[in-house]
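Only one chain comes next, encoded as structure tokens, the form predicted on its own.
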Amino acid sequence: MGHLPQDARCCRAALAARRACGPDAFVLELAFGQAFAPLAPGRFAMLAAADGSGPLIPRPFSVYDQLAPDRLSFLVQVIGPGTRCLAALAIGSELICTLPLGNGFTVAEPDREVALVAGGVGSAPFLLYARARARAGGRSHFLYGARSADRLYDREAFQTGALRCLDATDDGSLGFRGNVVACLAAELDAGRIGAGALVCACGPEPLLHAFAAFARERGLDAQLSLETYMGCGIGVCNGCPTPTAAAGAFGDWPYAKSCLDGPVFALADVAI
């Protein structure tokens, strides 16, 4: 089972900038005053307001971008009291941060085709993945789904030429009409994405369940980052159990901790 990453630390950061992207989301930019080594896509942080204005328990967020060694950004959707607190903080406010936590996606070698499948703020792990693929090369696709075009948060950030970008909206307001798993199926059926591609997914729980069922049906080589509620992020509270697959890498362990063993898992290792 997993262990707390050796590079994890608890520190304070200053809110350097915040910009809206969509009707209910924003990108939070934090300045840390200390450097981080390049982070793998999918690693995350536990964030809380230092002034105590938010909930007692911090909230987990995937690292969205590493703007500089000491400056990271996070894509945040306003859902409850924790994210409302972050949306209300003044520029210059301090946050208490524990990071970098969890494991991330292993970026595929350039000769491996990759398809990244995201729903809503599930796009957050994939900006770093896209940047890594841009440096390394390789055929890459980004399939981004939401219920409407205005909730394809910060989609322009992915349109740099490193990825072939496809949008999917439930209401048909942009791109493919339907959910992003159906869009993936259409691309595979048309041969625009190869059946041997590595397919990585992140998004809300219903999307991940649909993706997992589809990937198993098609025999895809798949990884997914779970958007799991967490209490501590460091493996103490046991609040983020994920059922494991009996034939997977965790063997007889019936549950894995998403914060330590994940949040990125091979589909073959979990039972979702």
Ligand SMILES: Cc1cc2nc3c(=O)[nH]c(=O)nc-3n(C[C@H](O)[C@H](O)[C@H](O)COP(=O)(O)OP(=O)(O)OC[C@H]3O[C@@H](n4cnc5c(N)ncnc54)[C@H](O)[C@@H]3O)c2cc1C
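Note that this is a predicted model, so its numbers are computed, not measured. Numbers for residues come from their place in the sequence shown, where the first is 1.
Beyond what is shown, the protein has a form predicted together with the ligand; the following relates to that form.
Partner contacts here mean any heavy atom within 4.5 Å of the ligand in the predicted bound form, and among 184 to 192, 138 to 146, 88 to 96, 116 to 124 they occur only in 116 to 124.
Under a 4.5 angstroms non-hydrogen atom cutoff, the ligand in the predicted bound form has Glu227 among its neighbouring residues. Though the partner is left out of this view, Gln77 does reach within 4.5 Å of the ligand in the predicted bound form, counting heavy atoms only. At the 4.5 Å threshold, heavy atoms of Gly82 reach the ligand in the predicted bound form.
Using a 4.5 angstroms limit between non-hydrogen atoms, Phe211 is distant from the ligand in the predicted bound form. Here the marked residues Pro41, Phe105 and Phe265 all miss the ligand in the predicted bound form; none has a heavy atom within 4.5 angstroms.
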